Every structure is written in C-alpha cells, then in structure tokens.
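Both blocks below hold the same protein chain, though in two forms, and each is given as structure tokens: structure 1 and structure 2.
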Structure 1
C-alpha cells in the first residue's frame, strides 16, 4: 500500500508518461486517501457551526441536495480529468485543452485551485491549531465538571492569545509540510486506515452521550426538520459552497489524487463511497453537537467556536471524559492533517514542475508563505478583530448585504468556499460535460449508458445551472438587475 501512495513523493512522477507513472494500488487506497482529504474540519467543525448560523434543517437539506446533484457528478468529473491528464492541475488542464483543440487558458482553472489551496490552508491551519491546543487541556482534565460559561472562557482565552495561536499554527504547518516534503508515504496511509475508523467509532460513542442529554430529538429535529422561512440566499450559497469544501472539490486536490488512479478502477463507485462517508461524518457531528447545545441552553449560531464550546462540556461530564476528550481532539487533528496535505498538494506538484525544484524546497517555500498568510486569521480573533469589511448593494428593495462585518478570516472563508470553489467546480463541470470529447469521458467513466446519461445531464445542465443561479443570486446580481429593470 505504501508504494502506491509513495507516488505522491516522486518528484519526477508528474513528468512521466502515464503508462509508467506510479499509481495507487487499488481503489480502496484511493478511496481512503480521498476520504482523508474530504473528512476534516469541514465536517466536524464547520458543518455544525454553519448549520447553526443558517438555522438548521433547511440548510442541511439544501446541503444534502447539493452533495447529491452537484458534488458527486463534479467529483467524478474532477477525478476523471485528473486521471486523463496525469499531471498537476495546471498542466493537466493545459494538456487536456490542447489535446482536444481548446484554449490553453484552461490552465487558469488549475491556477485558481493552487491559489485557493494556499488561502484555505492559511486559515485551516489556525483552526486545526485550536484543536491541537485542546489536546493538552483535555488531557489535563481542564474541562472536568465545568459549566458552559467556564468552557466558553477557556475558548476565549485561547483565541485571544496571538502567541499561543501562532505557536500551534507553526507546529501544525510544520507537521503538514514535513509529510508533504517527505512524501505522503511516511505513514500517512496508515494514519488514514486506522485513525479514520477510530474517529468514526468515537463519534458513535458521542452519539450515545448525546442521546442521554434528554435533548436528542430536539437536536434531530433542528437538523432534519426544514423550516424554509429561515433560509436566505446567503444560506443557499453557503450550503452549496460547503458541499464543495467538504468534498475537497473545485481546487484540484481531488484532481491530483485522481491523477494517481489506475486506469480501470471505477470512478463512479469511488466518488459515491467518498461522498457517503463524508456526509455520514458531518451528520453524525451535527447529531452530537445540537443535543448538547440545547441541553445546555447554548446558542446554535455561536459561530466558529461552536464545537470548542460544546464538546468539552460533554467530555467534562461523562465517565472517562478526559480520555475520550483527549482522543477525540487528537483524531480531529489527524483528520485536519490528512486534509491539509491535500490542500497544498496541487501547489507542490505545480511548483516542482514549473520551477524545477525538489519536493522539499517546494514544501518549505509554500510552508513559509502559508505561515505568513495564516497570521491574518490568527489576528482576526484578537488584535485585529475590529478590522472588518462589509459589502452591500443597495437596490430598490433595500440593502442587499453580501458581507457583513467580516474579519480577515470571514473574508478568506467566504472568498474560497463561496466563490473560488464553486467557480472552479463550475469550470470543471463545463469542461468535462461540454468540451471534453465524449469518447474520452465514456472511456474514463466506464459506466453503462443509463448512468452515463444521468451523469451527463447532471454535469452539463443541473450542476452548472444551479451554481450559476445560486451564485448570481448571492452576489446580488439578481437584485441589481431587478432593481435596474424595475421588476
């Protein structure tokens, strides 16, 4: 297994013709690696808190619809492009475009992915550093018996200290970059093989705790009972953006992983397995967190600190809570680790090829860049929390708010999840659905006529149309046009 994953280490790999390029040994290895990329902070940290911010059930339903109708078909498309191109995302797109007589500017799609990966990792690492900082606190029993208020203040004191955030951010990036530099082989596949199932088991343990809170049904109904009056255009955009984020789509991560996939493994089955596991983890996280929120009269819309304020409460009040709590945050760090590696992998493969540098050099340089960029996020929770931007369009119908009091972190998150990833996904769908020769896509996907037809409809019409509508709506374009036309 390790040999197959070591393909990601090989600096010359991207230059070899596809026949001799190293590959994952089986679909299972690919599914594990892609699941490692997909399951991360997005599922356990982000999904519950944005669900809380956008009011629950309706948001979850739209998110699930986006996973099924946009996420899975685009994931298939992205893996397919990666396998066909067998290079870094920029070169892959240029190569494929050239092969079928389209403009080489499709390389820009790869470029946008490289940049999105940098930007996402810059804040992802800071959030992962919160999880890391919780490990020693959990192990020391800091949360034992604390009430909601006291747990809250542990969190606040952590994020208000730039020094400790910077220290953990440095450590997390160091961990990420050392794996990337040495190649993903160094035990990472083992980490994915053993730790992911363990994380899953732990989530199941926590579900039992949540059932005992007496507010389990309230939590479930919050998650699964849609109240459409609570959903805004921004909520719909965020649900769609999150579908891309959580499946690691639209920025080339899955494309690079796909570039190592052997020729005859089924892309459809792999995509569906990854999407199912990813969704299951997110829903489990939600089913754990909301009962705790309601049992302790907390605020579902508490924002990015939500899991850091709720889970310690649970651990602080359960048998062996110190043990389970420590284990949980360790596993969360691992889940974040396997995702962050894939966030930077497109940039690494691209810079190695473009600047003819070694993997180590590429990792060190990108690490330094991401570290500096991460400071924006670090400071947006303390020193610079007052520096915010707002953006709105005034129309005949009143103000159309796009961003409100956004800190640097909010802005980065909005820009990447809500704009760059859906845009990248849209371009992938258009390329795979409309421009790629059907003979190739049929050959790559290798599914029967019926499923090929379904995939084509989703990737050619449903996904692009949905992305465009949601996008234009949320960007205020619709409100703007309506106000000009007076309708």
Structure 2
C-alpha cells in the first residue's frame, strides 16, 4: 500500500513547510483517533481509584479545571507543531526550529517522544495483556463465588507465570502491529472508526447494568457531589498530574496524529472535542465501577488493585456477573488497544523516514524490539522480581529517596511517566508559546485574537508552571520541600 494518499505540496503564503503525507479523512476521524490514543487503562483503571482515594466529586471538579488549564492548551500546541511539520516528531522539530531560526537541537524533543512511546508500549503491552487474560477467565466463570483471597490467587498465578504473560504480551503486540502496519487510512483510521464506537457501546451497556445494582445513585453522588473537606494538597497534585497524562501528551503520539490532520480542520475544536470525550469515558467508567463497588460493600479507594482484584470479586457475586464482567474486560482491552497503536506510531514514522523502509517493515522491526523490551517487565513480576533498583540523594536536610526497591517495570514506569513525559510536555509548551513565530502559530490555530491571547497565556505561563509542579511532585521534590518547611 502506498503511504501517500494526498499531496500537500502547496505551501501557504506564510512559508509553511510542505510534505507528502497521509491524512485523516475528516475531523471526526481525527477526534476518534486522538481520543483512542488518550483513552486507555488510565481512564478506566486509574481515574476511578484515584477519584475514590481523594473523595469523589471535589477531585473530579479540580481535575476538570486542570484539563482546561493544562491539557487542552498543550494538546493544541502539540497538534499545531505536528500539522505544521508534517513529519515524524524528530524531523518535525528540526524543520520547525530551522523555520523559526532556532537550534536544530530541538529535534531532541522529538527523540524523547519517540523513545518514550517505545518504552511505554513495552510495559503497557504487558499490563494490557492482563486484561486480555481476564476475558476468557471471566467468561468461563472462574471468579464466580470466589472470596477475596481466591481472587487474589488468580491474579498472582497469572503474573507469576512468565510463559502465560509472554503469550498474552505477544498476542497483544501482534494485534497492535497488525493495525499500524496497514497505514493511516487502512489501519489507524479503520481501527478507531470501529473500536471507539464499540467502546462507547460497551460503556453504555455497562452503565445500564450498573443501574440495576441498586446503588447507582449512591455512585453518582460519590462521583459528582463535591466534598471539599476531603481535598488535600496530594489530591490537587494528583488531579494536575492525571489531567496531563490522560491526554497522551509529551510522547509524540498527538504530534504524529496532528501531522495527518487536514489544513482546514480547527485545532481548537478538535482538541476540546478530544478532551471532552476522554473525560466522558473516565466519568462513565466511574459511573460503572462505583455502583458495583458499593453494591458489594467494597472500598472505592482500593488503589491499583481495584480493576484486577476488587471488581472480579464483585462480578463473581452479582447476577449476570460473568457476562457483564466479561464485557468490562473486553472494554478494557479495546481501550488499551486504541492507546497502544498511537504509542508506536512515532517510532514507525521515524523509522520509515530515517531508513527509507516500508511501513510494514518498520512495524515488524519495531514490534520485535518492543516485544524483547517487554520481557523486562514480564520477568519483573516473576523470575527477576527480586532484582530491584534503589536510588536516593543525601542532603543536609536528610535523604531524598528517588526510587526504592524498584523492579524493571517500576523503573520504566518512573522514567517515562515522571521524567520523559512531563519534560516533553513542558518543552512543547515552551517552544509553541515562546519560540515559535506568532505568525505561524496564528496561521495554524486560526482562532480570533481573544482566544489566541487566552491560549498564549495558558501555554506560556499557566501550563508550564503546573507541569513543573507535576514534575517536581512526581520526583518527590514537593514532599521533600514540605517536610523541610514542616507543612
């Protein structure tokens, strides 16, 4: 299949770079694709449990404010850079830096995104494979009637078996690469056109199931009734961090997807649509999970084990739990799948450009490398679970612990989520807000003066400061400073 379905060799009057590049067929398809990239395990797995940990409705309200002040402005900036460059993240940043008279070293920003997406997929595939492994187990009624100890035993037996994890990891990566190998129109676009509507259908079906638990209104009240007495500094910082990470910012995926966006498509409208749909999925997931949790007298702030331990226990004791539990994990697999195809796309486009190879060959090569890298995560739960990394910095105020007993999985997650992605988002905001020629950014965003001013203030001042705080919090600096100050 040819990788060129539309030509963009008509530079704009502003001197816009030209390139021959595949394009999404419509804004709706781009929104579905970008939403698919954003919607993943974080929406259905992480958002409900951190909402539970920090008091429900008040956390949701702060999270929405953070989406508006961090997520949307940086997403607009990343899409804008991608569409203007029309290449992989590395080439895009080099071209745009040259266009605006800055150092080509900005290509390192693109590199960081490519590497981050590659590393994230290596362990994301393993975690997603847990959801895949739970589908046949749930369908077979494995969890029916089990107590908490027995449910935990099912999970432990899964992660302690390297052979099982490798098999599921291999299957998930094959599914991912089979999509990206087919290109934008035949692969990415076709996949999200079917998968995203199916994901929303599954959400709606499960919402109706949650309504029948007898605790639906209790779940809604917990999710949407603000209780600001339960909000802490940690909760605010968590809302800021999740608002940034949930939209897949800073890893090059949105930049690449933006490079396929037609010139006439509104970046602002597309970004807002993606943020709204991503948030909707997270809220719907909470509306499904909390009634089920309350119906079984379980703890809503159960932490990371909520999906793989708490919910299987609940489904195992509910009417029609086997069927709807199976649907829930199918939903989780779909969400993970749409995210994974965006994670590897920056590496695919870079490989095609750099080595002048076909998309299929780039996909196969990248898939094999990611598969091998994923073995570090697989073994960190079993054969190499005792191999850990600890790191700390000693100061006159005491020891500043960075990593403690971290497995290979913990280290990769820490490196990408706490360092690479926040730095990537910060550099995108700095370049788009401070260094990019205003004529070019206005040309791409195509919004009136008032909204351009609002975006400029957010992307130049508000978003960078908040991302730095997120970065420092993730690194433990905020807690360290608070301990010094006695706060």
Ligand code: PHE
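Residue numbers count along the first chain shown, from 1. Remember, it's a predicted structure, so these values are computed and weren't measured experimentally. In this text, the rigid core denotes the largest set of C-alpha atoms whose superposition between the two forms falls within 1.5 Å.
Colleague: Go through 1 and 2 and tell me the one that is the form predicted alone.
Modeller: If we ask which form is the one predicted alone, the answer is structure 2.
Colleague: Comparing between structure 1 and structure 2 on the rigid core: C-alpha of residue 244 shifted by 2 Å or more?
Modeller: It does, since the residue 244 C-alpha is displaced 2 Å or more between structure 1 and structure 2 after the core fit.
Colleague: Residue 225: with the rigid core matched between structure 1 and structure 2, does its Cα shift 2 Å or more?
Modeller: Residue 225 C-alpha, core-superposed: shift of 2 Å or more.
Colleague: Please say whether, between structure 1 and structure 2, the C-alpha of residue 433 moves by 2 Å or more once the core is aligned.
Modeller: Result for residue 433: no, shift under 2 Å.
Colleague: Once you lay the two forms on top of each other by their rigid core, how far has the C-alpha of residue 210 moved between structure 1 and structure 2, in Å?
Modeller: A shift of 5.9 Å.
Colleague: I need the CA movement of residue 58 between structure 1 and structure 2 once the rigid core is aligned, reported in Å.
Modeller: Its C-alpha moves by 8.1 Å once the cores are overlaid.
Colleague: For residue 282, tell me the Cα shift between structure 1 and structure 2 once the rigid core is superposed, in Å to one decimal.
Modeller: After core superposition, the C-alpha of residue 282 moves 2.4 Å between structure 1 and structure 2.
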